[in-house]
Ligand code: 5GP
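Here we start with a single chain on its own, the form predicted alone, put down as structure tokens.
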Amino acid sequence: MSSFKKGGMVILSSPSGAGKTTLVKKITKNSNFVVSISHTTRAPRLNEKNGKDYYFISKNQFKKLIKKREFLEHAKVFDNYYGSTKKIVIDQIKKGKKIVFDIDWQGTRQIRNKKLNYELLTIFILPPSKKELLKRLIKRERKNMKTVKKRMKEFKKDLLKWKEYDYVVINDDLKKCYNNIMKVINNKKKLLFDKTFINKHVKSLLN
């Protein structure tokens, strides 16, 4: 693990609603950090802007990009496609930028399996409790309970992927969680976490 002096990739993943998007936005406010803007076929949420939060495209456009092998990673999540294009990411890394991804375990696995010759750090974010996660989802989805139920259904499957990541942190306090992540990225903290404690926490979330 290095301090990414020559650029690299940092991936944040989590069950939907655990706070990874907020953390990505905070991290990329730091100098030399940039967010990887994904293409997606889902509709924009309130206040989301094309080219800033996502590149919003149609399913036909997305499938054309898949055929052209334009994606570094892509996945289908909740009936919509998400993907990060190779050229944008690699061009930024070559400029010495630290690219921060807000993607799920499917995309993370694809990037890891490509074994690119760039630094890669993967971080999994856990919610403090299932109750808090549900509360966050209801607020974010503006009480659209159909969507909330769909995301909670996928929660258990997503949760079990934590073992595939380099570092795991619980987002019970945003500032504390952010500080821990930055210490790991900047190599001020050893790449260690209490796996026994995390395993117990995951079991409590599954109950």
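The structure presented is a predicted model; accordingly, all values stated were derived computationally and were not measured. Throughout, we count residues from 1 along the sequence that is shown.
In what follows, reference is made to the form predicted together with the ligand, a form of this protein that is not presented.
> Looking at Arg42, Lys163, Lys156, Lys64 here, can you tell me which has any non-hydrogen atom within 4.5 angstroms of the ligand in the predicted complex?
Contact check passes for Arg42.
> At 4.5 Å between heavy atoms, is Ile93 in contact with the ligand in the predicted complex?
The answer is no: Ile93 has no heavy atom within 4.5 Å of the ligand.
> Look up in the predicted complex whether Ala75 has a non-hydrogen atom within 4.5 angstroms of the ligand, and give yes or no.
Flag for Ala75 set to yes.
> Does the ligand get within 4.5 angstroms of any non-hydrogen atom of Asp104 in the predicted complex?
Output for Asp104 is yes: heavy atoms within 4.5 Å of the ligand.
> Find out whether any non-hydrogen atom of Ser38 is located within 4.5 angstroms of the ligand in the predicted complex, and reply yes or no.
It does: once the ligand is placed as it appears in the predicted complex, Ser38 has a heavy atom within 4.5 Å of it.
> Counting only non-hydrogen atoms and a 4.5 Å threshold, tell me whether Lys97, Tyr118 and Asn180 all contact the ligand in the predicted complex.
Answer is no for this spot.
> Could you list which residues of 149 to 165 come within 4.5 Å of the ligand in the predicted complex, counting heavy atoms only?
Residue within 4.5 Å: Arg151 only.
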